[in-house]
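Let's start with one chain on its own, the form predicted on its own, as structure tokens.
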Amino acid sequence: MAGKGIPKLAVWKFASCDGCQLSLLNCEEELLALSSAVHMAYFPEASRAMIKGPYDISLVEGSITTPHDAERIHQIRRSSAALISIGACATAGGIQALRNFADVREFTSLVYASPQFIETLGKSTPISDHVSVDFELRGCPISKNQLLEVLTAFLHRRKPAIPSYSVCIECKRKGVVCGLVAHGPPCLGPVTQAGCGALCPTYARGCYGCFGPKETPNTGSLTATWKESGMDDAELLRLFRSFTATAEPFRKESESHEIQNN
């Protein structure tokens, strides 16, 4: 770690719902052990104590959506030895990145009485689009167990053991019957990275892709199967435009159906 003594941890928020920061607080019993391993120097969600940097590790939640955000993330990067983006917003732009497929000026004119006072960027973008990121931890929200693994790995200067395989592997390990085969709900599990413990498929729901695309996802093969079963392009487009709509494999797949749909 860059500093001497107990490493200093900072937690930052940009455009997001705070769910990933709450995953850290939800560590409960593990949080006590973590607090003895790192010094919570800056974490407004949990404490009013705000110690100035530099910081050994910064966790960043949320996407960049305003000019001020775009400036602030560079300041955080300069004061952080290691920067870890956490959650779908920070790693892929989040649900708010759906604005990237439309005209944000039209949205502001419809929502706000005085849109001329709204300062916003045309797109919602992940942290890595603006600064170098040492690790991206996905999820909406992130898994607290994966967060603890990443923090432990950085504290011990090793590579985090985060899986890159699909949600389908988690289903098999839990003995969950494959919904795509048995029930028929649209499921993004075959192309989505594991991490949620197959939460939705466990309750006979299709995977919504909260953890973003897995390593080398074959989205084309999956959509071809759905099209054979009668799903149209509009439905396919909606499936890939959710929590991680602008992650490259999902974005490209949705755009291919948007072109056909128009």
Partner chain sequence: MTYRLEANALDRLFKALGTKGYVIFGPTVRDSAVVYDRIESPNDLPAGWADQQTNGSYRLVKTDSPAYFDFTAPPQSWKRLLFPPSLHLFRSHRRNGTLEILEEEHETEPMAFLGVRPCDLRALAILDSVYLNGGASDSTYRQRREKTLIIAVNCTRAGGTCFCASMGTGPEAGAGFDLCLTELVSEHDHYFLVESGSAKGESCVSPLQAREATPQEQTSGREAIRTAAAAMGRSLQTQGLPELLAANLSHPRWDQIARRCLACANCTMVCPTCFCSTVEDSTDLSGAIASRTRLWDSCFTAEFSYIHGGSLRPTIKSRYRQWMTHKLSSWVAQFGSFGCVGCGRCITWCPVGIDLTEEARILRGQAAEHV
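Numbering follows the first chain given and starts at 1. If you're wondering where the values come from, they're calculated on a predicted model, not measured in any experiment.
Just so you know, the form predicted in complex with its partner chain exists too; it's not on screen, but the next bit is about it.
In the predicted bound form, its partner chain lies farther than 4.5 Å from every heavy atom of R72.
At a distance threshold of 4.5 angstroms between non-hydrogen atoms, M50 is out of contact with its partner chain in the predicted bound form. Among residues of the shown chain, S80 is not one whose heavy atoms approach its partner chain to within 4.5 Å in the predicted bound form. Remark: E45 does not count among the residues lining its partner chain in the predicted bound form, judged by a heavy atom distance of 4.5 Å or less.
Partner contacts here mean any heavy atom within 4.5 Å of its partner chain in the predicted bound form, and among 108-116, 164-172, 135-143, 93-101 they occur only in 164-172. With respect to its partner chain in the predicted bound form, the three residues L34, A37 and H156 uniformly fall within 4.5 angstroms at the level of their nearest heavy atom.
Applying a 4.5 Å heavy atom cutoff to its partner chain in the predicted bound form picks out T225 as the lone residue from 225-255.
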